[in-house]
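Single chain ahead, by itself, as structure tokens, in the form predicted on its own.
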Amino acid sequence: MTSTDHFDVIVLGGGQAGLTAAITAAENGASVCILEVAPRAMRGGNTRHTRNLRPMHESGAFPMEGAYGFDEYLDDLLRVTGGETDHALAELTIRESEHAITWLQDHGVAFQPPLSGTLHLGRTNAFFLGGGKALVNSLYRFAANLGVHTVYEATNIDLNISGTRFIDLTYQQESNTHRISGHCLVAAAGGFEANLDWLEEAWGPAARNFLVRGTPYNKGNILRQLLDAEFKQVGDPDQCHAVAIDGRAPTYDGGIVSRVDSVPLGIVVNNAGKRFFDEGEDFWPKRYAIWGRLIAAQTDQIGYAITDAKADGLFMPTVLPPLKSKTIDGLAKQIDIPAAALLQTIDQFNAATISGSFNHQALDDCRTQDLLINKSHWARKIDTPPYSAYPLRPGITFTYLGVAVDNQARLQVGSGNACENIFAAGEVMAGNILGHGYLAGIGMTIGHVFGRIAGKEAAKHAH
């Protein structure tokens, strides 16, 4: 074991939230060390796979299009969460997000014009030039110039917490054990989505059919230790950001490119050939995150997104091409579901379709009527070959179970009581704001806002 190193602030996790906390703490005069469990080439956690964040803004200055004010933002959040949020922390997040673009630009991050397609995000979300990997590289570069020390492949981190106060920790690297102490700890090490055993505790055997589209390194080690130390828990183990992704994606680390965005433009059936939810309920960014949970509830945790030629080119291109056939019968054989059942479902859907003015960029008047499950918008007959199908599986991005924090990002130890020197940012505390549902880009917003708060408060406490 090496001699004990000491820092003002130790940050656990090298994704966007941890990097933001580290940079902010260093800019406020603190000595900072980041412990990153991944190797350097895989650093950044789930941030590597991101494309944008959702900032409040009152003008349409680049890279935004139009205004997205506080009231509209809060209304969107309350709608997707069903009100399951800490209102004070949610409002803090939204208000502070107004400064996110300027801060990121000042720290080397570049932006690009918004992407088009079924995302409808040009007005609400700011897209990183080069995606999340470019953002991660820019922030690491800035952190290094500030003197932030980063340790990669820091595994088996073991926290020494006395009561509710962080003392020091040990970690392993290349079979060697190291100890470091710090005035403050910032937990930004993510959730437990890559821990299939823990997912199975919450979801049952169905979890074994889940795909993890994020980093394989988020096993929940730090979260488990904080909960075992009896810091206040927030969120439920079975609540998570779970989207429908291509069922052919890898078990881990498929990333955002594994998502399938064709759902609003067609129908989704289970392996019995039956529809089970309204594919056109609302704009895709507000509803896409419910589809992982919907697929998880189906037999064998699989579904199929069915479209015809009219949908081609109207959604984000996918990495893997769809399965295609000139006939519905041929498509059913490719995806191994009963052809008669799929034909019946499509015939009933086509017969119930009410023609209107199709516009996939608006809540149009193309819908169905008299079906057990109607489609509210963007309903068009599936009658133009070739027909396409994407197999869908639940793709877990991040989990909502976490630790409760206050408006200074301090961990909570009871009603109205806060820990003295442990702070949290990012996924490990996102459940304070996201008790249920998801709003595209808000995960990165939470990480940014609370990363800055945690870094500032930790440096202040250290001094």
Partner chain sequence: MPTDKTTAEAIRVMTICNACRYCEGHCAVFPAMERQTAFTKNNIEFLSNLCHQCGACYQHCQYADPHEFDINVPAVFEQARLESYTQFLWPAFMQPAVLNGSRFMATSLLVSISLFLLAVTEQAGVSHILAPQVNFYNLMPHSVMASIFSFAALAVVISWWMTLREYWHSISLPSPWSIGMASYSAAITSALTLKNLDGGHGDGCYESGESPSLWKRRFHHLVLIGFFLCFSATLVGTFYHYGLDVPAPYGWLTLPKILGVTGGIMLLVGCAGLFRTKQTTDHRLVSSDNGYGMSLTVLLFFTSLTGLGLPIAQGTGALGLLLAVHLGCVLALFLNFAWGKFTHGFFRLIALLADEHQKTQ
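Since the structure is predicted, the reported quantities are computational estimates derived from the model, not experimental observations. Take the two forms, find the largest set of C-alpha atoms that superpose within 1.5 Å, and that set is the rigid core. Residue numbers count along the first chain shown, from 1.
Not on display, but discussed next: the form predicted together with the partner chain.
When contacts are judged by a 4.5 Å heavy atom cut-off, residue 204 does not count as touching the partner chain in the model of the complex. The partner chain in the model of the complex is not approached by residue 147, whose heavy atoms all lie more than 4.5 angstroms from it. Contact annotation: residue 375 falls outside 4.5 Å of the partner chain in the model of the complex, judged by heavy atom distances.
Although the partner is absent here, residue 259 lies within 4.5 Å of the partner chain in the model of the complex, judged by heavy atoms. Contact with the partner chain in the model of the complex, defined as any heavy atom within 4.5 Å, is confined among 382 to 390, 124 to 132, 232 to 240, 177 to 185 to 124 to 132. The listed set 87, 208, 141, 310 contains one residue whose heavy atoms approach the partner chain in the model of the complex to within 4.5 Å, identified as 141.
Shown without its partner, this chain lists 344, 156, 361, 318 as candidates; in the model of the complex, only 318 has a non-hydrogen atom within 4.5 angstroms of the partner chain. Along 39 to 71, these residues reach a heavy atom to within 4.5 Å of the partner chain in the model of the complex: 40, 41, 42, 43, 48, 49, 50, 51. Annotation for residue 288: C-alpha shift of 2 angstroms or more between the shown form and the other one, rigid core superposed. With the core held fixed between the shown form and the other one, residue 390 has its Cα displaced by at least 2 Å. Superposition on the rigid core between the shown form and the other one places the CA atom of residue 223 less than 2 Å from its counterpart.
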